[in-house]
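One chain follows as structure tokens, the form predicted alone.
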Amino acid sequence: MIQKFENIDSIKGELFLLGDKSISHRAVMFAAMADGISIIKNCSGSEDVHSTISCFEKLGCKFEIKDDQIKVWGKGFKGFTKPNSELYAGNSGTTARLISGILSAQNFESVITGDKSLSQRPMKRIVEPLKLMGADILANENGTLPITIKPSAIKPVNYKLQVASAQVKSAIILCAIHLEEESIFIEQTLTRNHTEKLLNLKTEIESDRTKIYVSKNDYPKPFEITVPSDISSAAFFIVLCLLTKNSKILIRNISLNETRTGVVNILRQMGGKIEIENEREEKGERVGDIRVYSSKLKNVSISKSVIPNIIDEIPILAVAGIFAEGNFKINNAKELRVKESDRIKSLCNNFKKVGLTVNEFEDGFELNGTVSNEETLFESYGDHRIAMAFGVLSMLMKKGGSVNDFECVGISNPQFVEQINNLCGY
């Protein structure tokens, strides 16, 4: 599907987004693991989270979805049943990687598969540490899906993470949580900590690393949660508002987790007028409202340390960067190569279409020049964040633009176009 976007004059209004995708995945998984009934409100309606729900239905869990609430009948400690078919994770790396940790501790064999895009993403990063824990887990010869997991005797470990990845960290935590003895995981670069917060894990933050302690004492119990809205989805609307004249928006109930607000911090450093209101804490997570105003931006240096916490927002930050004073440059972001698409190549190819000078590096890219205002057809490469980023760019071009295969936005925000139309007053 080709989605056309017209140039817009301004956007105004309030925006309510569905729940944060990262938190929603974990809420569904932990509810499925718990022994009893849990309630999840404002869960993400993304295709990725539906993939997680589908996998746990095959493992014997019951889900009742009504309005904005999901009721989950959890199976309890090692209570899952052997699935009668492969577990299909769709496009969701979070589903495939986190569920691998849980399944490594079960007493039955299982196989995890995914769509074409997910089947090209690296899984060796979880297979190796899980094997160190004694898991009988095997990816294919390329280190990708499908993954086969057989029953084994897992053991506690003291392990230093080799990849700055919240998904890898969460996978080994969810394996270790099945053991009486304590495991210690050492994180050298801070990544998203939703797993630690939702499970209320003991952590120790030292000068250059974080220690995480995990045992069966931390196994989830039934709970009720209202998932805060997704800051990664909000970033597209924040940038659109900043770059559109005479615009102001209020985005309600956004996750302000300290490992997720890097995009807001950078946009503020660039000169963006972004205010945080009604800040509070819910279930260990910081939540608040974000108010955004049209602003004149200038590019800033982006440090290596912040990259893991803005990795999903780099596509829309790049769009902000091409309208800001100076050149936009990103390095130390090689992880972009193994997302839903090779995002470095996807971004560079699309930016060249509008006449920008693009320098592509192995770990990033640099952009300079002025965007042409000719109507352009951008490629999404089947990647939801690429699709939305170039949807935003299209709306900032005088003659608008279009994005091919735009339906892939359903992976994270199927309501994107409707939300844009509401803010534009259509």
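On a predicted model such as this, the values are computed, not experimentally measured, just so you know. Throughout, we count residues from 1 along the sequence that is shown.
Keep in mind the form predicted in complex with a small molecule is missing from the figure; the text below concerns it.
By the heavy atom within 4.5 Å rule, which residue out of Asp312, Glu285, Asp230, Glu196 makes contact with the small molecule in the model of the complex? Selected residue: Asp312.
Could you tell me which one of Asn299, Asn253, Thr244, Ser165 places a heavy atom within 4.5 Å of the small molecule in the model of the complex? The residue in contact is Ser165.
Though only this chain appears here, would Asn413 touch the small molecule in the model of the complex if you measure heavy atom gaps against 4.5 Å? Contact check for Asn413: no, nothing within 4.5 Å of the small molecule in the model of the complex.
Contact with the small molecule in the model of the complex for Ser341, defined as at least one heavy atom pair within 4.5 Å: yes or no? Flag for Ser341 set to no.
Look up in the model of the complex whether Asn257 has a non-hydrogen atom within 4.5 angstroms of the small molecule, and give yes or no. Output for Asn257 is no: heavy atoms all beyond 4.5 Å of the small molecule.
Any chance Thr94 has a heavy atom within 4.5 Å of the small molecule in the model of the complex? Yes, Thr94 sits close enough to the small molecule in the model of the complex that at least one of its heavy atoms falls within 4.5 Å.
Which of 351-359, 202-210, 157-165, 141-149 has heavy atoms within 4.5 Å of the small molecule in the model of the complex? Heavy atoms within 4.5 Å of the small molecule in the model of the complex occur in 157-165.
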